Each structure stands twice: as C-alpha cells, then as structure tokens.
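Here we start with a single chain on its own, the form predicted on its own, put down as structure tokens.
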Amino acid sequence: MASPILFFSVLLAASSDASYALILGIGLAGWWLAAPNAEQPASPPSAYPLRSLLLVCIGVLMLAHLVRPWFLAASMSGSTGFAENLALAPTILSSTHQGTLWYLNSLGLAILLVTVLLGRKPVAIWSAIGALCLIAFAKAASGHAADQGDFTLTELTQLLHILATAVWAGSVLISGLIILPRLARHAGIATLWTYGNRLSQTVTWALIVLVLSGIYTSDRELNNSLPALWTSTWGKILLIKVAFVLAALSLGATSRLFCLQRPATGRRTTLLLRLILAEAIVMVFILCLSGLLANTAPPMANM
C-alpha cells in the first residue's frame, strides 16, 4: 500500500478506535456520576458536555465507516486512484467478507445512534450495549484474528481485547480530560475520591482482560517466534506500544496506591489529577500505535 494511503489508513483506524473508546468512556462516566449509592457531585451528569461529545464521537465513527470501503479497495487493488477505487467499492461490499462486516457495522452504528437519541431509557441503554458489542465484533472479524474464520477462539480473544482496551482508554480519557477536573472545581474531595475509586476498579478488571488477551494474540501474530518480536516491523511497533502501556500502567498504579488508597487531601487531589491527565495523554499514543499495528502485516501473515 502506498505511503500516503497507509498514513490515512492509520489515521482512520486511530480515530475510529479513539471515538469508540470515548463512547464507552462516556457511558461509564455517566453511570458512575449517576450511581445512587455514591455521593452525588455538585452538578448532575447532564451538566457535563458528555452528550454533545457522544454525538461527535458517533459522527466520527460514521464518517470513518463511510470512507472505509474506499480504503479497502485501495488495499486490494494497490492503486491510489480515487475514481478507480471508488468504482471497486460496490463490488467489495457486495461480494466479500469485508463487505458483509461493513453492513454489520452499519447496523451497529444505526442502533447506537437511535439509542442515543432515545435518551437514558432502560431499553435504550441495553440496546446501546448490544450495538457497541456488535461494532466490536465487526472490528475483530475484519482483522488478522479472522484469518482462520469467524467465531474462533482467536476472534473471541480479539473481541475481548478490543472491549477491554476501549474501557481502559475511554474511561481514562473522559475522566482525565473532563470529569475529574470539573469534580475538583465544583464538588467535594469525597465525591472525587468516590468517582476515582470507581474508575480504578473498572480499569483494573479491564487491564486483566487486556493483558491476558494481548499475550495470546501477540503470540499468535508472532507465529510463536520470540525473535520476530524485534526482527519484524510488526514486532517492533508492538514493543513500542508495550512501552507506552507500561508507562500508563505505572501512572495508574501510582494514582491508586499513593492517592485513592489513602485519605483524601488537597495535595493528593492535585497529584491524582496530574497522574490521570498524564495517563490520558499516554493513551492517545497507545491508540495511534494500535492503528498502526492494525495496518501492518504480522509475521504470521508472511508464513
């Protein structure tokens, strides 16, 4: 694939992953803010710009989804011609596995948009969860994990990896950039600590799933060859991603051990805000590297 096409493909994947993660993060943040057994913040969840951001993220997902057939055509044809790849797109959508998944993803996006417009009704919430799982499945089935067919252990593992990554990245991004700074300004420290502990507990479970699924997936993509980790392009990108993941884990562990598990004070509040903001910034790099990995052939693809 030509270099400009690769750049925009990575940008497309990273923006889609970030938007998907933010949607999950917005849902979790709204749930934590509205939890009846938690101390209520000074302003209700509706006072945060979550709904507007949610609609923007869905818009980005839809835009990336609409242009994806052209990039699929460019990947298959090896051409950079706009008209040529555009003419090939209908054939891809009507007669390939990727085309079937594109329609499945379209269904998930449509359900997600309708449920967001319906508001916080119970049926809408469960429909949104189903739509997000459907979108994640379509993504897992369109990548390297589906090389041996659908509904395999590899594809299920990739699905869990996608969901765990989105929960971790989305909740940290939303909390670090929007929720926690506002809670620090407009709510008491106790409320911020309650929210922070909910965030930490959820991220911990997501990380367990993420690490286990990541080890399994990476071993398969490397074709059970450890040297491929530093001799292949895919492996080198993975090593860089792992370094950023370890940095994010260190920041998260520090915020949990030195802030949230100790009595709340003004000094610890400032430290907590800085740590989670730094973790959110690192998360942006992780999502970009994930997009690059998705557009790079793993060693097993060359066997």
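These numbers were taken from a predicted model, which means no experiment stands behind them. Each residue number is its position in the shown sequence, starting from 1.
Absent from the display: the form predicted in complex with a small molecule. The rest refers to it.
- Remark: Ile215 counts among the residues lining the small molecule in the predicted complex, judged by a heavy atom distance of 4.5 Å or less.
- Ile58 falls outside the set of residues with a heavy atom inside 4.5 Å of the small molecule in the predicted complex.
- A residue is said to contact a partner when one of its heavy atoms sits within 4.5 Å of a partner heavy atom; Ala34 fails this definition for the small molecule in the predicted complex, lying far away.
- Proximity of Lys139 to the small molecule in the predicted complex falls within the 4.5 Å heavy atom cutoff.
- In terms of contact with the small molecule in the predicted complex, the residue from Leu183, Ile135, Ala169, Leu112 that brings a heavy atom within 4.5 Å is Ala169.
- Here is the short version: of Leu53, Leu277, Val245, Leu28, the single residue with a heavy atom within 4.5 Å of the small molecule in the predicted complex is Val245.
- Heavy atoms within 4.5 Å of the small molecule in the predicted complex are found in one stretch of 183-191, 75-83, 155-163, 98-106, which is 155-163.
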